[in-house]
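Next up: the same protein chain in two forms, each one alone, written as structure tokens (structure 1, then structure 2).
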Structure 1
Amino acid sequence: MFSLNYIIKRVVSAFIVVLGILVLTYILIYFSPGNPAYTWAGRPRGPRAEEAIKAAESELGLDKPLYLQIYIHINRFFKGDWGISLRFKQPVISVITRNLVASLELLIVAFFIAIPLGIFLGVMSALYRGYLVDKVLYTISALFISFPRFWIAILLSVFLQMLGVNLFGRIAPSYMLVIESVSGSYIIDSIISGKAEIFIDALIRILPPAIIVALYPMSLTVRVLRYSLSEKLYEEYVKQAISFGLPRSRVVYRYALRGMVPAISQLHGITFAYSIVDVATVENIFGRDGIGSTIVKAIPYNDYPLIIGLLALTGILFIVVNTISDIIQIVSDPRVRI
């Protein structure tokens, strides 16, 4: 019963935060420099330019009071009508959905790398705490947490170019006309269509940016496990399991590490949401379509419907992922309280 009450409260609080995000993003864009009506009207000049801009403001609803604009924006948002992109002249939700799949593809691959590798290295660091292995892992993880990922991505992209390796884009241009887009993910679509060469090409191209994005969650997992797991190894139930003659790997992974599932799920929930920012910057450096490239294209055009949609979606993803991680934590560890 407590878990159900907790879940309901988290969902309600998440909904309230989403409303706050929608209001705040709209206000920020409303007071930002530039006039989106000027872009929507086709950047008119001449004696009738002001008239055309006024007509565009009326069409976009910018002539209404701010509170009424916010109400209309929230109402349309939950109905799925996010407006028309000034840059692409398409529904905002279509533009975002198309590019969101590309960003989520990169983010998911990055966490498939970060989670198992971070857990393995974290366990190694905890088991050999104070030894050379631990010191090396501690130093490397500290560096990867501190260094900006976009800077590392630039260095890697320059290094690949020096080697003559071209891994920019999501797939080779010649494959774009061959593969049919079903899910929006070239990795999944290549599997569906049974085209192994496209799958290999998409996988090779996604690995460098995915490794860069994986550095932060992987390094943070190593640091957290190093401290927490090393303390768990000295608890009585672990000592008792060792005294029974159980293999060390079984004691560590089945008993000690199991008690850290709530903390790990919470950690990965936070880092997953935070890594959305890394994805937006890294994918630009590697020439991949996604949320980052869409924002770059939208800003010069004062594309406020698209910018608001992107900012709101990023905030909502952050809230949703954290809510899910909190629910996983309360289900796996009923001792947790709000």
Structure 2
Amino acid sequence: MFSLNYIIKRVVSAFIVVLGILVLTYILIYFSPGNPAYTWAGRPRGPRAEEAIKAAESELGLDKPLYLQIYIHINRFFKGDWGISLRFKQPVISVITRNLVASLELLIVAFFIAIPLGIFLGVMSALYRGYLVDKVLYTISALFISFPRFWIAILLSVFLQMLGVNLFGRIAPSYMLVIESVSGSYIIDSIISGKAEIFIDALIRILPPAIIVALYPMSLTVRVLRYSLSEKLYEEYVKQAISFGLPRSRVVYRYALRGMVPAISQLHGITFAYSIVDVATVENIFGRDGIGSTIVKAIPYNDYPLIIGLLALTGILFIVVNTISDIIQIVSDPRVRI
């Protein structure tokens, strides 16, 4: 296929960016004010500080030349040895993967809500621009974009609490021991082990935060479609389809909206990265595990290895998402040939 070549090229350049991120994380360590080993050890104080700094120094290989240090850093990264988290006293890689899966679960559910709903409402808004439907949709999306999601989440959680509904955590504590962790995502795990009640519990608990995280990508889709779909409806080929007498739904969805797929794919590649901040804040409010709560726990302990590992892994996640969205963009347009 014509696109295979492109995909290979894209993956190679993505890999270069991954290396760039690793170098950057090392630079962050190296140029941290004071002694890098001191930062890496989490600014220890007290009698055992000397020892901890010594250990960190040998771990980073600070006595070697800089390029070797970077090489050691990258090498250790690919071996999965990212150091020990100071807060959790566990290997960084296991802490991060556990929490990243939890966050991804939330993010993906949110996007499953946001994309179809956003497209549907955006089409409505574009078709009746300036009329009541559109005005209502515009107002709603402007509010959802401008209201901080953590604030909406606070209001919702207080409201739920007033109703006496307890949806905190990712899963009811009593189920926690019953389920065995395979993927780290309770939704997938419960399907694998075939426990319907756990599945429903996990789903109900993920819905309120997921809806809140979905607000931003959904509203953004509505706004983008509102602006550009009505422009698309003026394209000559859409006009011609109308002249050929195609029914309205076909013209709108198969002709006009089809032309928006690359733009929508690009948009969601971007909002995926933006929404991770929302995920982090909303997780904290709903008492869920995830990178948000990891960061919150890491900051007071100056848990530098954990944060650096998180930086590298989230960066890599974004690269993957960007690459996928670029590939969708290219493949969905038959005019582009590589």
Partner chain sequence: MNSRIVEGRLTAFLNLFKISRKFSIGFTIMVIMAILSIIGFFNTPYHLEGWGIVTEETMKRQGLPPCLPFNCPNINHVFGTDDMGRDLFSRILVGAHLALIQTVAIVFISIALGIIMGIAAGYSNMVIEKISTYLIELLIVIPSMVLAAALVTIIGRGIQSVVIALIATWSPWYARLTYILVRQLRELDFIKICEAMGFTKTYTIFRHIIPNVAPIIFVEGITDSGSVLIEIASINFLIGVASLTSIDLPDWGMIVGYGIRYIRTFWWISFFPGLFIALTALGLILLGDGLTEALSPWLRRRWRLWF
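Each form is matched to the other, and the largest set of C-alpha atoms that superpose within 1.5 Å is called the rigid core. Note that the coordinates shown come from a computational prediction; the quantities given were computed from them, not determined experimentally. When a residue number appears, read it as a position in the sequence of structure 1, where counting begins at 1.
Structure number of the form predicted on its own: Structure 1.
Large Cα shift (2 Å or above) at Gly80 between structure 1 and structure 2, core-fitted: Shift of 2 Å or more: yes.
Post core alignment: Ile270 C-alpha displaced by 2 Å or more between structure 1 and structure 2: Shift of 2 Å or more: no.
Threshold 2 Å Cα movement between structure 1 and structure 2 at Leu313, rigid core reference: Yes, shifts by 2 Å or more.
Core-fitted comparison between structure 1 and structure 2 - CA shift at Ile16, Å: That residue's C-alpha is offset by 5.6 Å.
C-alpha positional change at Thr323 between structure 1 and structure 2 - rigid core reference, Å: Comparing the two forms, Thr323 shifts 3.5 Å at C-alpha.
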